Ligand SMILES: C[S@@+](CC[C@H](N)C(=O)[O-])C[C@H]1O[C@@H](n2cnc3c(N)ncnc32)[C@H](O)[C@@H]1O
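Take a look at this one chain, the form predicted alone, written out in structure tokens.
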């Protein structure tokens, strides 16, 4: 890891990198190893520009004194790109397997900017399911985007045209390159802030999605998160992780039903 100590270049010293990556780990469980130096540096520089601070050490002191900026920094570092109908085989499995006469309670436990929750909702509506979705994330910035439900058109490129026309509104004028999820879809999804590391589940669910976030966790954190989520999963319920994630070797008691898909006995 190449580091430069000059404050003028806004580069991180090794000690500063260790301190900031430690803050991120304690708050979010995300591991930033030395390969993530450039990522952390880029996100840090954006926050320093916003706060008009030119010294890394001064910015680190601000994080200690200003809770709002602390939250902004965590948002900046933990935000990840997503899109509609990502790894959609999990949702296809559900609509082809479950009885649409039985009401479903669903938790999207790392909802990012909302594409996953709304992808689930439009497909369940299309197949006449009765359901409610609780979608949570650690980022206040992402939750604001979720509630606005406005997305660039490239995010919906995988959505079938019939569903796109039925459940999304196309923007006009300055919003012509955006779409918005229709109110009849949004009413089924509740968004709230939730920290997978420190908050306690307050309900149980028939289906839990926690996809493409555990790849950033170390083994101990994955174990704690999976165990907590499994306690909130009803017997016979389904748990989904990202296709690139692996919970084998963890003592969760779930049965594999498809890649990234598990069922609680």
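Residue numbers count along the first chain shown, from 1. Remember, predicted model here, so these are calculated numbers, not experimental data.
Beyond the structure shown, there is the form predicted in complex with this ligand, which is absent from this document and is the topic of what follows.
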Identify, from the list 213, 226, 233, 44, the residue with a heavy atom within 4.5 Å of this ligand in the model of the complex.
213
Have a look at 122, 135, 181, 138 for me and say which one sits with a heavy atom within 4.5 Å of this ligand in the model of the complex.
138
So, in the model of the complex, is residue 110 in contact with this ligand at a 4.5 angstroms heavy atom limit?
yes
For residue 131, is any heavy atom within 4.5 Å of this ligand in the model of the complex, or not?
no
Even though the partner isn't displayed, in the model of the complex is residue 59 close enough to this ligand, meaning a heavy atom within 4.5 Å?
no
Indicate whether residue 30 is a 4.5 Å heavy atom neighbour of this ligand in the model of the complex.
yes
Segment that reaches this ligand in the model of the complex - one of 172 to 180, 151 to 159, 93 to 101, 112 to 120, heavy atoms within 4.5 Å
112 to 120
What residues of 140 to 170, in sequence order, lie within 4.5 Å of this ligand in the model of the complex by heavy atom?
142
